[in-house]
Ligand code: 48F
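Okay, here we've got a single chain as structure tokens, the form predicted on its own, with questions on binding and movement later.
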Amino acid sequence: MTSNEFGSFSHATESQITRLLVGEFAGWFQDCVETDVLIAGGGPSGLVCARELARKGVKVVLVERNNYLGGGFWSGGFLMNKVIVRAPGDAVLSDLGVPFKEVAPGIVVAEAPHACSRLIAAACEAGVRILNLTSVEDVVIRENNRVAGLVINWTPVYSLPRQISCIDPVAIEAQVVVDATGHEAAIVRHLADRGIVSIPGCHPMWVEKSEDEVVKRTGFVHPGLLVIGMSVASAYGLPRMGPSFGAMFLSGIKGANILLDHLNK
């Protein structure tokens, strides 16, 4: 037995570690397949919305196609790891305990990795269940084309050669689905591809108009489907906003408040 200043590691075999890992994940995943709210997209709006809901006792599952959370929030704009937030969005940074500096009246800047990691941790601490490396393949539809869940698959599946990628997806059911997938508005687009809704896409950048309009238009775009963040801009043909994140925060909070009323929480 080896020793070091920390003492020896606890005993474990390879098979035991594998068995524990699989067992814990299987039980946890089974608890995810039916939820109150299912959020697609782990960027700032999705994380803020998920955290607000979970803090009020709502069961939330968030799926993210990448192996990391935060979207563009990790890197700010133009690969510069600073984030710009316009008031009143800076109140969210204060709530998270993220240091920031006012660089112009009503405009603050924060360290992107610090702000993003604090937001991710806050969502986890609130009880949000997160499935990363998980892509949305389709929507679950019920009566009157109501969105009732998402069809998901592991993101690496889509990197396989076509002839060996016939791996069936699975589904998660939810009372409400939230599209927080950003400019892509991937969930709305699944409905648009079937002629159920239309999706004009983002208009050219106009930051002052975009942030106000994104928050204003946050809400249900179809029965069972709510849009937040830049998905709102794509769903309604609003201008894109560039590297300013205040509307992402406030759209997430507004979306959560709408859902709390909808779920009678």
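Computed from a predicted model, the values in this text were never measured in an experiment. Note that residue numbering follows the sequence shown and begins at 1.
The next section is about a form of this same protein that is not shown, the form predicted in complex with the named molecule.
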Hey, with the named molecule in the predicted bound form, do 63, 72 and 135 all fall inside the 4.5 Å heavy atom range?
yes
To test your reading of this chain, name the stretch in 22 to 30, 36 to 44, 217 to 225, 51 to 59 whose heavy atoms come within 4.5 Å of the named molecule in the predicted bound form.
36 to 44
Look up in the predicted bound form whether residue 257 has a non-hydrogen atom within 4.5 angstroms of the named molecule, and give yes or no.
no
4.5 Å heavy atom contact, residue 182 and the named molecule in the predicted bound form:
yes
Mark residue 230 yes when one of its heavy atoms lies within 4.5 Å of a heavy atom of the named molecule in the predicted bound form, and no otherwise.
yes
Whether residue 186 contacts the named molecule in the predicted bound form should be assessed with a 4.5 Å heavy atom distance threshold; does it?
yes
